[in-house]
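A single chain, nothing else alongside it, follows as structure tokens in the form predicted on its own.
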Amino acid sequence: MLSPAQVAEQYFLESRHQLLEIAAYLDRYDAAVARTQSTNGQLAGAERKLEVIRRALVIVAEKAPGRERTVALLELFATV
């Protein structure tokens, strides 16, 4: 069993990488929206998915969640 310090050290780079990927995804989406003249109907499905990602980030950032974050995310993603 790893200590808290060992968990932080062992998984930091991987977690940082995954967060950078999420940031890049959101940046690509924002850039696509900025250059597209789509109607609201065409973006509705995409906006719903982006809202789920934003809600997921809130769950992940909770300091002391009432339940495991993984379970909360699985339940959230099941709604998409």
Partner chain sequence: MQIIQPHYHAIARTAQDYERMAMSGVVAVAEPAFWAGFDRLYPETFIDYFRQISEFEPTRAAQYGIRHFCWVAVNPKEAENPVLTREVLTRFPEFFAKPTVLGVGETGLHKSTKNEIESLQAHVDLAMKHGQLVLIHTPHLADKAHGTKTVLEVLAGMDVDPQRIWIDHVEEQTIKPCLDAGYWAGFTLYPITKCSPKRAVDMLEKYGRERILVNSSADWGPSDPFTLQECILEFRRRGHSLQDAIEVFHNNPCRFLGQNPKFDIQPIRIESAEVAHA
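From a predicted model like this one, the values you see are computed outputs, not experimental measurements. Numbering follows the first chain given and starts at 1.
Just so it is clear, the following notes concern the form predicted together with the partner chain, a form of the same protein that is not shown.
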message: Within 4.5 Å, heavy atoms only: does R54 come near the partner chain in the predicted complex?
response: no
field: the partner chain contact at R69 in the predicted complex, heavy atom, 4.5 Å
entry: no
query: Is E21 close enough to the partner chain in the predicted complex to count, meaning some heavy atom within 4.5 Å?
result: yes
- request: Evaluate E14 for contact with the partner chain in the predicted complex, applying a 4.5 angstroms cut-off between non-hydrogen atoms, and reply yes or no.
  value: yes
- prompt: Can you name the residues of 42-72 that have a heavy atom within 4.5 Å of the partner chain in the predicted complex?
  reply: none
